[in-house]
Ligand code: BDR
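In the block that follows, a single chain appears as structure tokens, in the form predicted on its own.
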Amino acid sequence: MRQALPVIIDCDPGQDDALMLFMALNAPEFDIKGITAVAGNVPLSATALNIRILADICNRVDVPLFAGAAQPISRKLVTAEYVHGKTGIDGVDLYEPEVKLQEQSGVDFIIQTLTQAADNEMTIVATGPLTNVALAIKQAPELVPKIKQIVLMGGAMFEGGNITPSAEFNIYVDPEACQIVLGCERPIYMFGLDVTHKVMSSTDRVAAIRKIDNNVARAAADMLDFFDRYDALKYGSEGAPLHDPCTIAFLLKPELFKMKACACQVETHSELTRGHTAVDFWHVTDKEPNIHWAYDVDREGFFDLLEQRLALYEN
């Protein structure tokens, strides 16, 4: 059996982050070193509680949990309660789980974990604003060679933006953090709206997940019932795009996705286009590729994988 992949997960739950965690937390393919929360979809106080609740729902109280950055590197925080609800994971009831946060900060945890890793060993999965990851890179640049790859949800090219006409939410919140990450010279696999808008939920998809009938699948279906309301109205679709699970789906089954090596820059100065990801998809510049950009997905294969992984949980 292949050795489990050492992974740090950085997220801002968010119903789609929750599904990403549900796919990751029972995957024998991963050795999850820890989960760090960042402010994004909702403030840090909520995302930090949410990772505790989600780990508890999955019965993975052994995974260390950390609170990271409460603000972007140099901007005021922008949140998205209008999409995710006041808690970020509206659709399930909040409660005080027994599993606690570690006292160490999320950024310090990332730095410590990289310090202890071999070169080219650690995978970072990032599904919120990139503040925690960027701060770790900025504070300890000598540890960057320890990173095997960064698999992130963020950005848009053909699809435009979802918070402004130009920008996807995660990148808009902290474009300076994205700029640091894009310049780290490690392999980056980037899942933006171009591909995540191709994996839309629907009433039939949610019904299939609910039919699995274990605690995790029921929680997933309940959150999707809430999450779908806003996006169905926005996109004129039956449901919402499942942005963040694309990262884990790629690590589990990369053949589901079509990727292209591209140069990518992020706009940090203009207020009009703040957070815009300029993806050189057609190679019209002489800039060297710094990302692998996801542009297509096997939709049926994605949802089959999601349902298979949710079905592995016991009641």
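Residue numbers here begin at 1 and follow the sequence given. These numbers come from a predicted model, not from an experiment.
Not on display, but discussed next: the form predicted together with ligand BDR.
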Name the stretch, out of 207 to 215, 241 to 249, 112 to 120, 130 to 138, where some heavy atom lies within 4.5 Å of ligand BDR in the predicted bound form. 241 to 249
Under a 4.5 Å heavy atom criterion, is Ala220 part of the interface with ligand BDR in the predicted bound form? no
Contact between Met157 and ligand BDR in the predicted bound form at 4.5 Å, heavy atoms? no
Taking the shortest heavy atom distance, is Leu193 within 4.5 Å of ligand BDR in the predicted bound form? yes
In the predicted bound form, is there a heavy atom of ligand BDR that lies within 4.5 Å of any heavy atom of Ser201, even though the partner is absent here? no
Those residues of 160 to 192 which, in the predicted bound form, come within 4.5 Å of ligand BDR by heavy atom: Asn162, Glu168, Phe169, Asn170
